[in-house]
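There is one chain below, alone, in structure tokens, taken in the form predicted alone.
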Amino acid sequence: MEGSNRDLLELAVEKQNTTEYIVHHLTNLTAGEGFWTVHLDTLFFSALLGVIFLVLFTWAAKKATSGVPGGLQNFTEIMVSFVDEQVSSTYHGKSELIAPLALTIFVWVFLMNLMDLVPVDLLPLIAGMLGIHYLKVVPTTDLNATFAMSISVFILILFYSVKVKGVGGFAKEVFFHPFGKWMLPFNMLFKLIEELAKPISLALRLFGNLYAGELLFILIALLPWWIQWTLGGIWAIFHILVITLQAFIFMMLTIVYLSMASEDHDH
């Protein structure tokens, strides 16, 4: 009986330690309280990765040559050509903003997703040595970050809808489509649902996939060391596809939504 109780106690302690470990890795470094809480780690890493993107692509543009290109120039040209091809085939309006916006979204979201491949204990351990108790290094596993990006896209959707169709044209689309003027309340309801679904789906899709990936890495880190590298390596290789695909989907949906907003409602 005594041995059984001791085993149960050890199991309870181990379960508590496991729960604390998971919760610790999923907790943001915050400042403020309530609605005004700021996730400092999300802001720091997203800004840092944004700066890295701008510096690399600016450097490549300044060093571009018509001769034999270097590795960085090759990479940036491939990325620019790839994104430009997607925009040309998807966006049917005329705007100088869409292609640079699509490139920024794809590379920035990819870099934020790529942080998921950093060993889960590495940066939090370094931060702990500096007196920082919580640190989440993947901005796209923070719902605040994904919603901030999707809301920005939503604002652009409204902007292009009014810019292309005019205030009157946009109002007609909201009030009289798809069922005509006699079904005005239903038209407004359907339009509201349609428009709100866009930022919500953008934010939740990206957040859900990356959060699940991070959680799986954390669970693998709880396993014995001799199997961590095997399972972690397999999942990391597969996760490269996930992080790339999610960045591509976010970019493509943004282009599609802006293309829809730029089309006349009678088109």
Partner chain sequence: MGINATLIGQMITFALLVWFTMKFVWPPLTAAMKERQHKIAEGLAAAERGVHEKVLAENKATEILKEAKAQSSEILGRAEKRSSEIVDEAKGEAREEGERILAHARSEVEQEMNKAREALRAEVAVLAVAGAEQILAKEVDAAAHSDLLNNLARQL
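Superpose the two forms; the largest set of C-alphas matching within 1.5 Å is the rigid core. Here the structure is a predicted model, which is why all the values come from computation and not from measurement. Positions refer to the first chain, counted from 1.
This next part talks about the form predicted together with the partner chain, which is not shown.
Only one of the listed residues (127, 99, 162, 114) places a non-hydrogen atom within 4.5 angstroms of the partner chain in the predicted complex, and that residue is 99. This chain is displayed alone, yet in the predicted complex one of 212, 61, 222, 200 has a heavy atom within 4.5 Å of the partner chain; that residue is 61. Comparing 118-126, 146-154, 186-194, 168-176 against the partner chain in the predicted complex, the single stretch with non-hydrogen atoms within 4.5 angstroms of it is 146-154. Although the partner is absent here, residue 83 sits close enough that one of its heavy atoms falls within 4.5 Å of the partner chain in the predicted complex.
In the predicted complex, the partner chain lies within 4.5 Å of some heavy atom of residue 43.
Although the partner is absent here, residue 104 lies within 4.5 Å of the partner chain in the predicted complex, judged by heavy atoms.
By the criterion of a heavy atom within 4.5 Å, residue 235 is excluded from the residues contacting the partner chain in the predicted complex. Residues of 61-83 lying near the partner chain in the predicted complex, listed in sequence order, are 61, 64, 65, 66, 67, 69, 73, 76, 77, 80, 81, 83, the criterion being any heavy atom within 4.5 Å.
When two forms of a protein are overlaid on their rigid core, residues whose CA moves 2 Å or more are considered shifted, and residue 50 is not one of them between this form and the one not shown.
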